[in-house]
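What follows is a pair of forms of the same protein chain, given separately as structure tokens and numbered structure 1 and structure 2.
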Structure 1
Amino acid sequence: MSVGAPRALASSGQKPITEILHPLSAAEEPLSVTVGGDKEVALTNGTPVETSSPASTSSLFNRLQLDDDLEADVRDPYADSTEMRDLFVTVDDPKKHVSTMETYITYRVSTKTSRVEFDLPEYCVRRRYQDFDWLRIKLEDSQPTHLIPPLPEKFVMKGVVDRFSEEFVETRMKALDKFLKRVADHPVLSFNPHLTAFLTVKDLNKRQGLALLSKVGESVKHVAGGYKLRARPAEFCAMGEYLDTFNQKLGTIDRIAQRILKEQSEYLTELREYGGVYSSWVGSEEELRRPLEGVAGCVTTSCGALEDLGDNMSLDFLPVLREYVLYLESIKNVLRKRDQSQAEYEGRLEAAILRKQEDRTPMPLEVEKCQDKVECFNADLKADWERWQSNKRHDFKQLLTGMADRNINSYEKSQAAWESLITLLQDKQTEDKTSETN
């Protein structure tokens, strides 16, 4: 057997299947590999391959047509002009439901759309966390080649976190809103029928029940049986490495943020007591009464500002970090599935080659199907990766500038209080002086 090991497929972008030369055909094609991004990938025959992700919500079809001029602003997908977007979703209005069996929260999910897949232009339904979870599982199963945004954590330790506290509900709601918006913005996921059902059907429970049965069957479909991957293409290796390092850094940032919250809380405790000492001193003084009260007041204001800062960081900063950690987990899973898919293809291919040599049978259909699968997977993943990188950049820019803004805001409140005290005390001084000389 003189055929070398089947070459692992390099990413080939979004060329239509028919145009990609079969590795077993005569010509050798060293495909250039890029690690995602805006760089142009070109096959050696000179055909350029579009690798920028399509930001428009036009259909899957567009991606396969190279001639399409994809006017995408890769840097900021949220800069989509609203004329191009035709699906808007919002999650709000949390309400508590108490029944004999359980207590839970539902959220209002509002949809506005001009898409033909929807019967009405507007919908309004109530959903609970379970329903979002169902949706995500369906999306993962039906679109395994795509990156599905994460949900906020499912389980919370009862007794440690109050599941019905305002802060917890608010945090969760924001995360659910983000999840749904990310799905709705995705060019492929947003057309998923499960999403449509989620957004429109009044009582989701019935469909859930049916769906649960088929769920098992679907997931079995994608388990590739024990094939081992020879070599992951460099581009996906880089992805994997990036995910690992990024995960580490996010963990560190989370720990630092928590530590800061703890230190700030302890500082706040001491600061409160400190302000109290000024207040108690007032009692034994006359002339110094006003300055002492003033200082006590400023310290109190600073305490308030600091407390707000801490609350905001808990509510807005930490959850987003944690969300991204979950996101990374799910992306790694998709990468693994891609690897499995490729392994399966290579395994079958190898087997087929052996057989071909022996008895000249034509390429079996499964092998071609596998090849298709891998091609699609790589293409989808690459596109989603670009999209994800771009979103991530936007999200973190927002997150970090938000953190900076909150700190600035806290200092500004404190500064204003101290400055007005200085003015007050200095005015009184000039007042006293002039009345003395008069």
Structure 2
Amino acid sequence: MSVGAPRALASSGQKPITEILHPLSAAEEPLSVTVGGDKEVALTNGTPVETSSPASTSSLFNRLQLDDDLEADVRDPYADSTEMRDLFVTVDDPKKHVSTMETYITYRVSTKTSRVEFDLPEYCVRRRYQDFDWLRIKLEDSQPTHLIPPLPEKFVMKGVVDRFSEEFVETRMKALDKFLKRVADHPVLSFNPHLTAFLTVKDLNKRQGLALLSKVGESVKHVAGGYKLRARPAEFCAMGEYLDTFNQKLGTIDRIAQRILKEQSEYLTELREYGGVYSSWVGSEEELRRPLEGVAGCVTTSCGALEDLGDNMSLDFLPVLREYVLYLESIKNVLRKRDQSQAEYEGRLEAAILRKQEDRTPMPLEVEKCQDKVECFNADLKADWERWQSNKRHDFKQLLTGMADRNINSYEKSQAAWESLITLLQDKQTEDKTSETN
């Protein structure tokens, strides 16, 4: 059960999970897998390993509280409460590796921490994309009630995007860094033993334990046979509706931004040709050399400003939109799991009530376990939803502010260039009048 669940349920008036929690039966004991060839890791159904959990429930829940103060809302979510944080991760230094079998990129993952789960205060390992993918799968299977941040897509269209180009590698590196920072900043996911292995083990052995993945969290992945969910609670219905609307908005913005980029690229091509005409004209008009060179220079400056604007949109603006499209899929996936857990509980409860009416048998233990599972999903999803909303507000404020600044800088560069041309033309006119007078 998530460490944040009891307090959330108490505040909502529901029966605390701890009151109905029972020990797991022998058949439902946590699975153990070997991570990195070192330690055995217990994988429970959404429950962090006890030895890896934080000091107290209240200390975790304090980190989930949202600050409505505007100044606090615009701060870097990875920089707030720095004094309380004890795990810092960074992804940088991409390197290309070429072998007879394959070519791939690795990234340096640096870690600084004071946690007792780590033997050393600092670590530095190299990871490739598939290692990050392994980590996300492990997190999703061992923490099914939590929202796992998305990774950038693995596959790219051949012939359209060069996955070894400097721009692509830089964009992917930023996305991987953001993914890992979000995980390390999470009050539950950051204590997951698989994250510890990912950050510390030099040679990550991803094959061990993969055969057990299909069994981890199995009880929350299947839907009670043939049972249809009665009704999703209103707050989760509102979540689903918000996700659909937000997805439509992001899709529309993305399509329009793509068209703008295409039109800007075509305009940039024409603008460069336009400036080239003035440059070539200089050779045949000596008297107009300075004005013509001035116009050509202004056009060149405008081209550079427009090119920077397009690059910023491609490398900074669109990746954030795409990340949140992927985030929406992650949230919908957790919502579906929550619904499946509720359907399982309702199905078992109805069957138990019928049996109780017939032979007056006590309520089966499985029903209470299913209820506990649903409440755990509800509490964890609510907490992660609030964190996601807070991060989203910060990211989009930063994104839109940056976009405004870049547009202002672009137009200011062009304006300054054309204003200097006016000064040049006025000086040329003065010189011509002086020459005529003399």
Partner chain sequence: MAEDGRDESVAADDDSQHTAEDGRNGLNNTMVEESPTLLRRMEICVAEAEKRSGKNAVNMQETFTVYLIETRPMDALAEGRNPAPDSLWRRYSEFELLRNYLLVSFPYIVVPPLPEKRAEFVWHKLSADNMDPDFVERRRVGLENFLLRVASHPVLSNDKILHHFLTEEHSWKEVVYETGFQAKADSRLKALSATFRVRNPDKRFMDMKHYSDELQSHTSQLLRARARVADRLYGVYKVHGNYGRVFSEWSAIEREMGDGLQSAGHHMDAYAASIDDILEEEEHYADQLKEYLFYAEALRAVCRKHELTQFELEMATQDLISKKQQHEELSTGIVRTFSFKGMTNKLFGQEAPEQREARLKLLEELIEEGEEAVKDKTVECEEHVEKAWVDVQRFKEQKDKDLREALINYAVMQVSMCKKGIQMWSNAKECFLKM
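Numbering runs along the sequence of structure 1, starting at 1. Predicted model only: the values in this text are computed from it and were never measured. Take the two forms, find the largest set of C-alpha atoms that superpose within 1.5 Å, and that set is the rigid core.
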Next item on the list: Please let me know, 1 or 2, which structure is the form predicted alone?
Entry: 2
Notebook entry, point to check: Leu425: how big is its Cα shift between structure 1 and structure 2, in Å, with the core superposed?
Noted result: 3.7
